[in-house]
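The form predicted alone is given below as one chain in structure tokens.
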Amino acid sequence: MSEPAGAGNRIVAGSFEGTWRDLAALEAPEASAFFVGSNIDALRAVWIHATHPGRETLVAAHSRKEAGLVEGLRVAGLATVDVDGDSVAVDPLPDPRPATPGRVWLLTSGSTGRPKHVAHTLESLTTVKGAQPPRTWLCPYTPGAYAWWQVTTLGLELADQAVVYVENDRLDDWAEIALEHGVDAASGTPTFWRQALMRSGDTLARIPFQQVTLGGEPVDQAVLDLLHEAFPSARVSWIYASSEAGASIAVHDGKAGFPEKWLGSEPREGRPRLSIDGDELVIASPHRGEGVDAELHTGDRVEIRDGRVLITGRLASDEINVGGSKVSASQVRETLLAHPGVAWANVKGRKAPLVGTVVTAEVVLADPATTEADLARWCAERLADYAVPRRFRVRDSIPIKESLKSDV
């Protein structure tokens, strides 16, 4: 049995603290979809996959299990295995096919329909290569998500990379968990970081962050500036990644977007080729999943401003038509987030007489003295009249779902 380079790295997950080698054994068919109740259950599935080259594996949280998905996985040749601590329930296939050695299946988010499964390998999921400074990472993501795999493979395949996992029901306490276990690097979405800074800013200030990473949602300048101010000793990076494209863009210069000169340029070995078709980002990635188009139309909208290519949101949901005038919801959201009194914002269209649709906004305030009139005036000074929100809803807290993204 061969062992990955990180086999001796420390893992903290719930009540477990040890190394990969200390994980309890797990038996299942060679081609299995594991539905897990916790991170430690998921890590057991990863460890058996990593140390038995003939295996084919999918890992997902119990919350993602539904009849249609399970049937699709079984048609694809994966037995289903429910793991919840000491309880392991196997639903084998009546006529199992041979496993495809080393294949790792990921579920897409399902934001555009029923989740699909995309094939990778541990190698294609390990996007950080070469020697790295010793780090203790925080992983707040749901087991089986692409970002979860990015942090997990970092801890599995590279030496001196410990990982502290946070269960979904402990997310409110993650800063205290990180402080207790010596975390100095963490990855999360912009929503995750905004919520944490509002809720646990004093505790976060005591964590000696050396690396802060964010992705999974549009990354605006306001959140980057907040993180640089909160963690002046840390390198702040944003990463564009998806189950289909893999990790494709990494930016470390403290600025939103990536340099326009990266478009169409000859990429270095192992890097993707980036281009724009209309307003859509197109990626030709060497880290893409099996069977994904060589040039993937991502569905993400981009804008070029001041020599930077900004990824602003999804094409399908970004445009609001106000009386025949097109409004970019992401531009309005970005304008609101630039206001010093706003911690979080979401922008949508709402049906209205005469013009058909008007712009509305939900906000969480960083400064309770900020009024709706202040926000309307701020937007009016920076946006066309038809793009100014006509109604504001003030929320008490930043909404977040299991994926660490906004739940609206």
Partner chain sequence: MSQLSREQVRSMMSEVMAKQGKELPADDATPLDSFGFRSLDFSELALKVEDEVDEELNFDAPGLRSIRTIGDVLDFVQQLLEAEE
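Just so we're clear, the structure is a prediction, and the values are computed from it rather than from any experiment. Residue numbers count along the first chain shown, from 1.
This protein has a second form, the form predicted together with the partner chain, left out of what is shown; the following refers to that one.
A.B. asks: From the list Val322, Ile177, Ile311, Val118, which entry has a heavy atom within 4.5 Å of the partner chain in the model of the complex?
C.D. replies: Only one listed residue qualifies here, and that residue is Val322.
A.B. asks: Pick from Cys379, Leu26, Val358, Leu365: which residue has any heavy atom within 4.5 angstroms of the partner chain in the model of the complex?
C.D. replies: None of the other options qualify; the answer is Val358.
A.B. asks: Does the 4.5 Å heavy atom contact test between Tyr386 and the partner chain in the model of the complex come out positive?
C.D. replies: Judged by the heavy-atom cut-off of 4.5 Å, Tyr386 is in contact with the partner chain in the model of the complex.
A.B. asks: I'd like to check something about Pro353: if you look in the model of the complex, is any of its heavy atoms closer than or equal to 4.5 Å to a heavy atom of the partner chain?
C.D. replies: So Pro353 counts as contacting the partner chain.
A.B. asks: Mark Ala373 yes when one of its heavy atoms lies within 4.5 Å of a heavy atom of the partner chain in the model of the complex, and no otherwise.
C.D. replies: Judged by the heavy-atom cut-off of 4.5 Å, Ala373 is in contact with the partner chain in the model of the complex.
A.B. asks: Is Arg395 close enough to touch the partner chain in the model of the complex, meaning at least one heavy atom pair within 4.5 Å?
C.D. replies: Although the partner chain is absent here, Arg395 would stay clear of it in the model of the complex, with no heavy atoms inside 4.5 Å.
A.B. asks: Among 365-373, 38-46, 66-74, 53-61, which stretch sits within 4.5 Å of the partner chain in the model of the complex, heavy atoms only?
C.D. replies: Correct option: 365-373.
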